[in-house]
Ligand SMILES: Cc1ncc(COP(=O)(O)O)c(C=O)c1O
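Okay, so here's just one chain, in structure tokens, the form predicted on its own.
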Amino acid sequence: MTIDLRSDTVTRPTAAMRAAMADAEVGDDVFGEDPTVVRLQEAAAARFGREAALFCPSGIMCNQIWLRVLARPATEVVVEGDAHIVNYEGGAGALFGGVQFRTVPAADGLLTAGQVAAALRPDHFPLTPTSLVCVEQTHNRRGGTYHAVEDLAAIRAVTAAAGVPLYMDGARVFNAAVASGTDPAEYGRLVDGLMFCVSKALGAPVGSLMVGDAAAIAEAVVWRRRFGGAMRQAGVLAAAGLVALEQMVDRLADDHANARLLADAAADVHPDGIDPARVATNIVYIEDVDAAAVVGRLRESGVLAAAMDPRTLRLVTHHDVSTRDCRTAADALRRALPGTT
């Protein structure tokens, strides 16, 4: 059996998801008539204490639509330098949104209010004015770190004073909520818009949701169609998303414990490459290794991992890998890391 720790996107729908998909009541979502999509959108909005939500095929589409709704072409978006929206979306922000990114390096990928204040540009010719600030929650490239509510509140105070919207790329925001014991509505009240994925940590096969005010979501509906994301009988997909919201959030704590198990194993043999105390959610980064070589050795033991760059290894826990699986992977990791061969 292969233990796949490359990403939490490799999960397969649960039996409950498959049953819900098979039995889903559907309609034409372009007409707003798919009752299962409507239920998912209402549930998503309620989780974050906002007026409305919109079901989209992917998180990247959500991010790009939010750039069109919240930012203006020929303006600048302030974002942490390793953020997904900058590094992993194929230049879509420039191509489709007409924006440029002002990247700010931040410890653990977490922007501070002071950094945001220093990065804002006024609307004064010939400067490129700031039209949006974006935070990532949790931060993929920095090992699943997350902004505390009080830090987000401080950033919000800066952006509100400047009249600049604040956006949350919350692909794994429920990991942050579970790890910190935060009600997702606390995040929702601090941002002008956010998105989250049901197809990552929550295990659904497809989909992400935009959450915000009713007027913003109404505009997002238009942009979703322009981007080719309008779907018809999408209830068969939304049904799995509903199961994800109802059944898969609380169990994220198991993934976090399993990630710490892997981090402890790595630190046993390669302490210079990882500090287990910094593994906050379900993503484990191990540095200062020959990543391709370690990936190859792990594969020989039936464990799949990802080389994020030549010197960095990534492991991601999810509901398709049990604690027993992770113990097996931990043993393989001890054998595969530097100094153990």
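Residues carry their position along the shown sequence, with the first being 1. Bear in mind that the values here come from a model prediction, so they are computed numbers and not experimental data.
Omitted here: the form predicted together with this ligand. The next part is about that form.
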Checked 155, 171, 176, 133 for heavy atoms within 4.5 Å of this ligand in the model of the complex; positive is 171
Interface check vs this ligand in the model of the complex: of 142, 270, 84, 260, the one with a heavy atom inside 4.5 Å is 84
Contact of residue 89 with this ligand in the model of the complex (heavy atom, 4.5 Å) | yes
Practice problem: State yes or no: in the model of the complex, is some non-hydrogen atom of residue 224 no more than 4.5 angstroms from a non-hydrogen atom of this ligand? | Solution: no
**Prompt:** So, in the model of the complex, is residue 159 in contact with this ligand at a 4.5 angstroms heavy atom limit?
**Reply:** no
**OP:** Would you check, heavy atoms only and a 4.5 Å threshold, whether residue 220 touches this ligand in the model of the complex?
**Re:** no
Exercise. Taking 59, 195 and 199 as the candidate spot, are all three within 4.5 angstroms of this ligand in the model of the complex by heavy atoms?
Worked result: yes
In contact with this ligand in the model of the complex (heavy atoms, 4.5 Å), from 117-125, 199-207, 233-241, 99-107, is stretch 199-207
